[in-house]
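Only one chain is included here, represented as structure tokens and corresponding to the form predicted on its own.
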């Protein structure tokens, strides 16, 4: 009976995984076909839709905007998140946990609520919508992840080497750059790459805060609304490859076991 039960659970798990991965697999598959419609049978494989996509100036503009936003979010969130994690690690466990719960509150909210809140806030304060407002919006949802990852590393950090550097006359700034940062740099870089992956994928907050222009997710949305352009599959494949690559590298560098 136990063997049958285990087999049924494995089959159910395999079915769930298949249902989750099949749409992604189809996007990648149809991005490399010559079909004008995303249907079977596939006549032949081709890079036609990638070539078509790369000839469009609006795609490169959206791609550049996505990289600008994601890169800025990665840098800012890693700097601010590292400083916050260093401060939290020096607090008592009870105060640190309370601060982490507060800082992570935006992650618990639906992205739609955050997007509307940011839209109202920027409108009321007179801040013009631009890539800068998108970056600020993305920091709201990416910053908690960076803080949590770096804080998890700092909790078990051995401060003996830092204290020794201070005893030998190093300033706090010199001790940080010569002792602390080299020991946690891979974790910080990994956390920054996770923030970049989240930023690259975001649509809802970007939609409410960008004003004019496009990123890759909003560019895809614009194409879907007008007509089903086969090059959308190529964009999805590029976005999927960027997200997976940055996430895998981030998890490897940060040694995050979630």
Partner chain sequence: MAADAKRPDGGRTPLVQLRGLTKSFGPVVAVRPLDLDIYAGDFFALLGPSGCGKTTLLRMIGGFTEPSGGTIAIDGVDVTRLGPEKRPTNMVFQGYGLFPHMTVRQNIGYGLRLARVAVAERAGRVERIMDLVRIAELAERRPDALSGGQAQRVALARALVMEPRVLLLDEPLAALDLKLRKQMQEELRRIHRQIGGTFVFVTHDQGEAMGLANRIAVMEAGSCVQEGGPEEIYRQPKTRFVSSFIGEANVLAGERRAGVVTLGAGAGFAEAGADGTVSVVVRPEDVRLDPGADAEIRLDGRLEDVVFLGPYTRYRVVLDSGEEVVVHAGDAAGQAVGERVAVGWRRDRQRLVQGS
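The structure presented is a predicted model; accordingly, all values stated were derived computationally and were not measured. Positions refer to the first chain, counted from 1.
The same protein has a further form, the form predicted in complex with the partner chain, not shown here; the description that follows concerns it.
Among 182, 128, 110, 92, the residue placing a heavy atom within 4.5 Å of the partner chain in the predicted bound form is 182. Proximity to the partner chain in the predicted bound form, defined as a heavy atom within 4.5 Å, holds among 160, 120, 75, 83 only for 160. The stretch that touches the partner chain in the predicted bound form, counting heavy atoms within 4.5 Å, is 161-169, out of 92-100, 161-169, 67-75, 130-138.
Contact annotation: residue 79 falls outside 4.5 Å of the partner chain in the predicted bound form, judged by heavy atom distances. Contact check for residue 174: a heavy atom falls within 4.5 Å of the partner chain in the predicted bound form.
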